[in-house]
Each structure stands twice: as C-alpha cells, then as structure tokens.
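Okay, so we've got a single protein chain in two different forms coming up as structure tokens, structure 1 first and structure 2 after it.
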Structure 1
C-alpha cells in the first residue's frame, strides 16, 4: 500500500472532482441536515466534526430506491441497463464502506447494481471520534476504514494534517498530478495505534455483545419478540436506512405503449412481504417479522456468506425508528431477558 502526506484535503477533493462527478455528504442548503449531494461551488470544506454520518448510507448510489428493469412496448422487450457516468463518492465512513462490500457480494450477479458500482470510485475517511449511537468497533466495522474497502482512504493525524492511503490502481490513477510527499512507516503505525484509542472512546456496548449471543443461542423468548412486534409501526424506516438491507420487489407500470417493470426497495417488516397468494403467511405476526430482521443482522448463519454480520454499527435504525425498536433498544431488551 502506498501512502502520502496531505496538507489540504479540500485540494484533494477538488482534484478528484476535476476528473469525475463527485458526491459528498454536506448540509442541504438552508438546513442542518447532512445528506449525500453533488459537490458544488457552495460545498463547504471537509470537516471532521459531528455529525459524522449522513442521513442515508451510500447504498442508493448502486441500489436506487426505484429502478426500471426493462420496458415492453407490446411486441419487444427493451433492455434498460444503466450507463452511469464515472463518479466518486468522497468521504464514505468505515461502517458504510463495510456495508458496500457486503452489498457487493449480495448483488454480485445483478447487472444493474454492478454497472453503477463499476462506475464508482470510493474515497473513505477515518472517524476520529465516536458518532452518536454508533458502535462500529463492536461489529468489526470501524472506526477506521478497513484495507481494501475503498480506493483511497483519508486519515486526519493528530496535527490536523492528513495521511492519504492508496488501495487500488484506480485510486492511484486518481491522484496523478498531485504533488504529494510519501508517508513513512511510522505514520501508518501511529494510525493503527490511534484507532485503538478512538475505539476505546465508544460507550459500552455489552448489550450488543450479549444480544448477539442470545440471538445465536436462540435464547430470546417469543414473548419478547411479540412485545417488540407490537411496537413495530411498519414504517420501513429501518430497512430504508440500513446500509446492508437489500430487499426489493418489482411490479409492472403501464406506460403509453405497454409497460415497464420497475423495482423498488421493500421491507421485511411488511405483512405482505412474505404473504403467499393463498393468504398464508410464514411470518404472520409482527413479532416474527421483527425477529427475522434482527436474525438477519446478527446471526452467524450469514457470516459464512458475507464474512461479517449484517449490521455495521451505524445506529441509523435507532434514530429513525418511531416505535423505539432500533438496534440499541432491541439489544437492551434482549440482553435483559432470561
């Protein structure tokens, strides 16, 4: 891995933006909401202050909320594979990068996802402090970016200057033309040490650890799931904002001369998600559906396929759940039973 020293991260960002369209988390105009938006002349300098995470992870860049799969005009089918412009996502946090790697596997054979993914280079950024509600160290997803999950990784050192790590040839090509001083091995050593210090600043997450054990040992009583199911208002917020959630449904929309098949994000918390044509539903109660959701996030069953849990510790579900059954609430309830 090559590494360089960087005084001005904005200069790097501008250099990258001169080559491809660039998206980065920034405040929506006139508000204090951190959203993924295109870089413009109004975009402010990169900051390392809270909030660290934008409302959405980066998944909608590859797996959009809605997407046309093909068109049919009454006699012929028309392919609608995307032909995206080359783009860069700048400032992706470690949890969200782990989730992209997770979805890369899930959508390995999905040409729509892959077309967008191949057109995108990722620039990660290390989190130098815990974010509100985040627990990435507990699920091995941060706070610093894992090797190989981004093309470039930026790390702010204690003197406020930056360490730039290059993980792919595409990343190396991006920084051609920038005059950068090579970093030395002690810079890398210091970064490794700093990650331990940042990780130590996260609040205790024993409820998460205990909860994972209970889920994997099938020790959570059905009544606990039912009680939490009663709190599920079926809003779909957790699955919409979860960086690893990937379920979709498809449907045909009539258009002028035929129809188009579109897919959109689905949610496993909906009653009709698994309801069969007969009306029979293998997950008929809200409690069973809540249980299934968390099983998918924390069961060892899936680590064989994905090499990690389906939760990357971002905490977005806790913030967006109106029924108080986001990850912290659920894992506290689970770890308190028995």
Structure 2
C-alpha cells in the first residue's frame, strides 16, 4: 500500500472525474436525504457531513432492480449483457464497501453483475463519527475502511487534511498527474489509533450481540417470531435498502415475435417467495419469513461462505421499516426474550 497527503479532497474528486464518470453522495433538491448522483459543476462535497450514508446503498450500480437477461425472436436467443461506461463511486463508506465485497462473492459467476463491477472503481472514505443507527464495529464492518475493499481510501486527519491510501494498481493509475506528498508511517499509526477512538463512541450494541447469540443457539421462541411477523407489512423496504440483500426473480414476457426474460429484485418477506409449484410453502407464515430473514443476516452458517455476517451494521432497515421491526427493534426484542 502507498499513502499520500492531500490538502483538499475535492481536488482528488475533480481529478478523478476528469477521467471517468463519477458518482458521489449528494443532497437532492429540497431533501435532507443523500443519494448517489453524478458529479456536476455545482456538486458540493458532503463527505464529512451528516447523514453519513446515502439512503440507497451502492448495490444498485451492479445489481439493478430490473434488467433484461436475454431475448428470443422465435429462432435465436440473444444475450443482453450490459456494456457499462467506466465509472467511479466516490465516498463509499466502510459498511457499504463490506457489502459490495459480500455481493462480489454472491455474484462471482454472474456475468451481468461482473460486467458492471469491472467497470467501476471504488473510492472509500473513513467515518470519523458514528452514524445514526449504525453499529458497524459490532459486525466488523467499520467505521474505517478495511484493506482491500476499495481502490483508494480517504481519511480525514485531525488537522482537517487528508490521508490518501492506494490499494490497487487501478487506484494508483487514477492519481497519476496529481502532485502529492508521500505520507509517513506515523500517519498510518495515527489513523489506526483514531479508528479505536471512533469505534468507542458508538452506542452500546449489547442487544445486537445478545440477539446474534440467541439466533445461533435457536433460543428465540416461535411465538416471538410470529408476533413480529404480524408487524411486517411486506413492503420490502428492508430488503431493498439492505446493501447485502440479493434475492431476485425472473419472468418471461412476450415481445414482437418472441419473448424476453427480465430479472428483478425479490424479497424473502413476500408470501410467494418460497412457495413451490405443488402449493407447499416452507415459509407459509409471516413469522417464519421474518425468522428466515434474520437468520440469513446473523447465522454463523453463512460466515462459512462469506467470511462475515449478512449484515454490515448500516441501520437502514430500522430507518425505513414502517412496522418497527428493523434491526435494532428486532434484536432488542430477541435479547429481552427469556
């Protein structure tokens, strides 16, 4: 890894934008929400402001909510692989970078996902303060960017200057032409110490830790899941905003002289998600579906495949759920269960 010092992060941002299309979190007009939008001449940097996370995670850049997989004209099949333009996601937080790495593994043999992923370079940014509802330190997903998850990583130092870390050859190529001063070892040491300080500022997450333990030890009564299932409105807000959720379905529809197959996001909280052709449904009740969702997020069974939980501690589900069964509400209820 190479490291440099940077006076102004916008200087880096504008330099990168001269090479590729660049998307960065921005406030939409008249809104207090951050969303991923293309850089324009009027874009203001919000890399150090609250809220720290965009409303929607970055998964939409690689796994869109709808896409055509192939077409059939009556005689031939035509695959419709995307041909994305090279792009940069600038200012990706550690929890979302962990989620992208999770999705990279899930979709490692999916040519549609991989075509977009190969076209995208990632610029991560450390979180120097806890975000509302976040608990990334509890699931080892932050607050600072983990090695190997981004091409470039930016860290704001205590004197307001920036430490720029280069993790990949592609990242090194991006900064060619910038006059940068090499960082010294004490800058890296100081960053490591600061991460411990920031992590210590997060609110207690003992309810998350206890909930994870009880889920894995099958200590949550079915009645508790059923009670929470009654609160689920099957709106799919949690699965849509979860950066690691990757469930999808596909269907064929007629077009011209043939048909096309479209893939779109699905949700394990929908009644028909696991329903079989015979009519049997392994998750027939809402409580069973809620249980299945959280088992997938925190079961040790999945760490064998992904080396981490399916939750990266962003807290988006808690903010969006109208039924009050986001991660904090659920885990507090589970941890209080005797």
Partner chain sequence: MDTASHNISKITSSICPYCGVGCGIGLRVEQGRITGVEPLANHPVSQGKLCTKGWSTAFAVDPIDRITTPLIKENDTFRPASWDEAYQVITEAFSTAIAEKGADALGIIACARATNEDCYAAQKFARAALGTNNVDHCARICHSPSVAGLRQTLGSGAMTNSIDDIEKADLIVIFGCDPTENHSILGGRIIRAKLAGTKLLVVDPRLTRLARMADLHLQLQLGTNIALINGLLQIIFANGWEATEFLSNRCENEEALRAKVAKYPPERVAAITGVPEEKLIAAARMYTEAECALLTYGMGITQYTTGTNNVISISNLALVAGQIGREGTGINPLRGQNNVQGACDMGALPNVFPGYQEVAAPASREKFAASWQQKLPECKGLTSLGMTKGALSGDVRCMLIMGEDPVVTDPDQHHVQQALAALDLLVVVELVMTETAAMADVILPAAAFSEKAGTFTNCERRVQLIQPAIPAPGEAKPDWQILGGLASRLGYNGMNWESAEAIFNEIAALSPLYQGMSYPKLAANYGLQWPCNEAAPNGTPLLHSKQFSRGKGRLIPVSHADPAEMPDEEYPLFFTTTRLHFHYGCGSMTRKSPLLERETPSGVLFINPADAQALAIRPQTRVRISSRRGEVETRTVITDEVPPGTVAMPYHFKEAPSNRLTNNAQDPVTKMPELKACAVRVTNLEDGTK
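Positions refer to the first chain, counted from 1. Small disclaimer: the values here were computed from a predicted structure and weren't measured. Heads up, when I say rigid core I mean the largest set of C-alphas that superpose within 1.5 Å between the two forms.
Number of the structure representing the form predicted on its own | Structure 2 is the one predicted on its own.
Cα of residue 282 displaced 2 Å or more between structure 1 and structure 2, core superposed?
-> No, shifts by less than 2 Å.
With both forms fitted on the core, how large is the C-alpha shift of residue 29 between structure 1 and structure 2 in Å?
-> With the rigid core fitted, the alpha carbon of residue 29 is displaced 2.3 Å between structure 1 and structure 2.
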